[in-house]
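Given as structure tokens, the chain that follows is alone and in the form predicted on its own.
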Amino acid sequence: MILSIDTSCDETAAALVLGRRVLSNVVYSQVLLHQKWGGVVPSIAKRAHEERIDFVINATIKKILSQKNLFTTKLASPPKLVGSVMPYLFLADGSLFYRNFFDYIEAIAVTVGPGLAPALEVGIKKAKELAKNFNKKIISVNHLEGHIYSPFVQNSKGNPKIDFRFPYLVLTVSGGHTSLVVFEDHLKYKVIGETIDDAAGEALDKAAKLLGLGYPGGPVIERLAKEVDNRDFYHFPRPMISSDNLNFSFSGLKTSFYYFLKKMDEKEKLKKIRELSSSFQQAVFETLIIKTEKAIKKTGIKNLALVGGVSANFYLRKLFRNLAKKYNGQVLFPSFKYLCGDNAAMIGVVASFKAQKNLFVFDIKNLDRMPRMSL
């Protein structure tokens, strides 16, 4: 069993994972803290992580201990308090026993990058503290690895039972990342395309801010676009679709949208807000589909996976299903809604596969964040 921690951006998350099965999972979102600023503020994120990380880890452990018949061995006398983590009471053979829960945990997994540097450091520091206090190994995980494995994460009962059918072409679309990766085999990845500036989710958030829709903007734009049947009224640019490579760029699209809005008065902008939202979303999504189709033709891989925060968008999922159907391929999405966003469950699943290969961090003292860690 692995305790995993993720503090890569604005969610403080912890999970307990056994193989692909998530036994317990807790995510504390900071969205309300960042809304007034229109985006994530690193210093605020760091402070919120520091204030909540002990609570989130303890809540994750308490959650699993409420499950009856999970532990069946009679246990020893109560241990002394160690650090900030409490010993716990739990059921075993119908009776109450004390034992430090960390006796059951093989390793601590933690996201080391990419992400916000001040936020990442909070999770890494806590992982080091727990590893030292309880004599546990550490497994470092790339945040993007977690997203790649998110369609294969199972609940505590082992569902859904999706088998791996390598290779996969994985498109990660979130507020901080847009990339195309060939998922060749377990822990084997090849990046074949990535954004050279703004990520797709970031572009949607910035467009929403320009329209006065608040943060996060993606879900609001999705709802407004749906009200006009996701039609394209203004035909904004599709960046880099004619380039030979599989990279993305959304900065120019954002700039084009900004100058287009400058020509409109506030009354007209408000009147046409659905059409504007739908047209911008269509430009982003069509770019993603065109690039993914190019990748299919280039690699010959027909099995697709769409992951990351923007993968929660139902219209984008529909476009990906149509693309997979066109090439008689399989398409996968994160197996549960919470796996679209940042979470520790997917980090723990990756760590389980790393543990099987003995990929532990043996120099814990020098473990540090890796903001541009490659796959």
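The first residue of the sequence shown is number 1, and the count goes up from there. Keep in mind that this is a model prediction, so the values were computed, not measured.
The form predicted in complex with a small molecule exists for this protein as well; it is not shown, and the discussion that follows is about that form.
Remark: none of the three candidate residues (Pro167, Ala305 and Gly329) comes within 4.5 Å of the small molecule in the predicted complex, counting heavy atoms only. Remark: of stretches 170 to 178, 132 to 140, 246 to 254, 152 to 160, the one touching the small molecule in the predicted complex is 170 to 178 (heavy atom within 4.5 Å). Think of it this way: in the predicted complex, the small molecule has a heavy atom of just one of Gly146, Gly201, Gly123, Pro239 within 4.5 Å, and the residue is Gly201. The contact residue chosen from Val27, Leu319, Ile64, Ala312 relative to the small molecule in the predicted complex is Ala312, the criterion being a non-hydrogen atom within 4.5 angstroms.
Residue contact with the small molecule in the predicted complex: Glu222 places a heavy atom within 4.5 Å of it.
Contact check for Gly341: a heavy atom falls within 4.5 Å of the small molecule in the predicted complex.
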